[in-house]
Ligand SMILES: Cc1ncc(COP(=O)(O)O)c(C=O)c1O
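The chain below stands alone and is given as structure tokens, in the form predicted alone.
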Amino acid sequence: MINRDKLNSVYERELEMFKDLHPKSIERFEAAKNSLLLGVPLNWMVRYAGGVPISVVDSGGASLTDADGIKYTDFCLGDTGSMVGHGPLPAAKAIAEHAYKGTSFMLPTEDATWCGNELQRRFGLKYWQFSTSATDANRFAIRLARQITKRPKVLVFNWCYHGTVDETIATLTEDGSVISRKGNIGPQIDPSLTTKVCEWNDVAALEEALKDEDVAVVMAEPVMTNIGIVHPLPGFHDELRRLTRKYGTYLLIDETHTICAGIGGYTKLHGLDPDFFVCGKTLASGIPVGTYGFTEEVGEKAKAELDALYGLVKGIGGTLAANAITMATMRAVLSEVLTPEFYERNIPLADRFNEGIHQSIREFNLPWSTQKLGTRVEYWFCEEEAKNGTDAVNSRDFELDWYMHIYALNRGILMTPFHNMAIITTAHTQEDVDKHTEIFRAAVAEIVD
């Protein structure tokens, strides 16, 4: 159905249009190359459509304004970091108040206790600790699991994402060997020595990997997200929990992205029962934060291990973790923003976004599909649902990816750059969603026969 000649021609037109629309962003990008590697403060920021990231000068709610004065409806929302929107008032008040009172003391505050109690209530795990990112929360949980079990390895699912945790940036060869994933920069050690990998939804492979009883912890998003939304098959989580218990392996559920599913994440919604739970990003409205919880049984064993260790440096923690401004902001977000009403209002709006995409799929008889998780929606350029990360990788169509992104960007819509995903927040309106539907249809109409 897609005319590739049309696609290439219109894509080149859109690239030129982007250049004409964004002279100041391009100028800022070029100037930044003097001191910033690749012209950006984080290397993957060059992955936005057009090859040049727009330079943000203002934001609010669900919108961004760039250096050229163009205002965008933001469906990226910092790839979940700003899932609650840009600058929600309760969070902004907490940040402003503590900016004057002091931000970091390396001492506890009452807000930290409140947050621990609330996380316990929402997710069900007894004990909680904090970090400055979900990546670090994952690292710290892995260390505790290894220390307690005396086992050396972790198990992850192929094409998973758990931040920049070294052990997780691994993949499988065709013969089933574990190797570093392409793009794994300077791994400290061959991941085959630290990591086992199997495909998502493959119960037989999971059991085979656990049989040696050398895996300290299995790390899993309850739904794969960063390679695309890949749901678990019916019964998979039951088998995951049964097999980890059978072989004495801890189970870590990472809900950094899947917190979009509901007030207690996918874990609460589907009655999961992990030993460790990790979340981050949006819990403090984009202020760097991570948290990891664990069961009472894990906590008691962890305390015994920590009491037996001497010295201050144990590989877990950091002086900025649980700082006063972060804890106050997290309290504001959990108590006043990320409430049941947040999901009751925004999940139906995500349904509307999803239906808007399907209108074009039906109209043009496209072999495309969508996946949805709570307030998160994604469209795929394939008809069959991916069952694992490898399926998801093999279904990618980079020409269409880049085209759809830049077409939307040139018309004031910002999507998540690494895949075709949108996040809905309270500041989005039906008009915002319908604007995307209109632009999506126009983009498709230009490239079909």
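It should be emphasised that the depicted structure is a prediction, and the values quoted were computed from it without experimental measurement. Note that residue numbering follows the sequence shown and begins at 1.
Beyond what is shown, the protein has a form predicted in complex with this ligand; the following relates to that form.
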**OP:** Evaluate Gly116 for contact with this ligand in the predicted complex, applying a 4.5 angstroms cut-off between non-hydrogen atoms, and reply yes or no.
**Re:** no
**OP:** Please run the contact check for Glu199 against this ligand in the predicted complex: heavy atoms, 4.5 angstroms, yes or no?
**Re:** no
Original post:
Using 4.5 Å between non-hydrogen atoms, is Thr73 touching this ligand in the predicted complex?
Top reply: no
Original post:
Does any heavy atom of Ala134 come within 4.5 Å of a heavy atom of this ligand in the predicted complex?
Top reply: yes
Original post:
Picking from 330 to 338, 298 to 306, 134 to 142, 265 to 273, which part of the chain touches this ligand in the predicted complex when contact means heavy atoms within 4.5 Å?
Top reply: 134 to 142
**OP:** Name the residue from Asn323, Thr375, Thr256, Ser285 that puts a heavy atom within 4.5 Å of this ligand in the predicted complex.
**Re:** Thr256
Subject >> in the predicted complex, the one of Asn354, Asn226, Thr244, Ser82 near this ligand [non-hydrogen atom within 4.5 angstroms] >> reply: Asn226
Subject >> Residues within 4.5 Å of this ligand in the predicted complex, restricted to 147 to 173 and counted by heavy atom >> reply: Tyr161, His162, Gly163
